[in-house]
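Single chain ahead, written as structure tokens, the form predicted on its own.
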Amino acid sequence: MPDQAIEKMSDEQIEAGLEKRAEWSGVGGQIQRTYQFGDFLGSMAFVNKVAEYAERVQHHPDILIRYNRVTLTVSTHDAGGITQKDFDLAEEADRLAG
């Protein structure tokens, strides 16, 4: 079920959100982070956890896998930019990366 009226964040709100998620950065109207794991299997285990969460909340990041590195890039297409949903996904991804 889609969320109602997802609000695009202001530049100030995005900056404040990024201050709380120091490993994330703003890139071209999206937020992004690269995680590093011990090996490819560690990367894939993380990606599978992120996929399960993304499917549950119906908010899907772009995922780039390079052996032991995984880059997540996220924005809310329906809102035309970054929303709280993106920061919620960032927080959960950080938790899953543990």
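The structure presented is a predicted model; accordingly, all values stated were derived computationally and were not measured. Residue numbers run from 1 along the displayed sequence.
The same protein also exists as the form predicted in complex with another copy of the chain; that form is not shown, yet it is the one meant from here on.
Shown alone here, residue 44 lies within 4.5 Å of another copy of the chain in the predicted complex, counting heavy atoms only. Although the partner is absent here, residue 64 sits close enough that one of its heavy atoms falls within 4.5 Å of another copy of the chain in the predicted complex. At the 4.5 Å threshold, heavy atoms of residue 48 reach another copy of the chain in the predicted complex.
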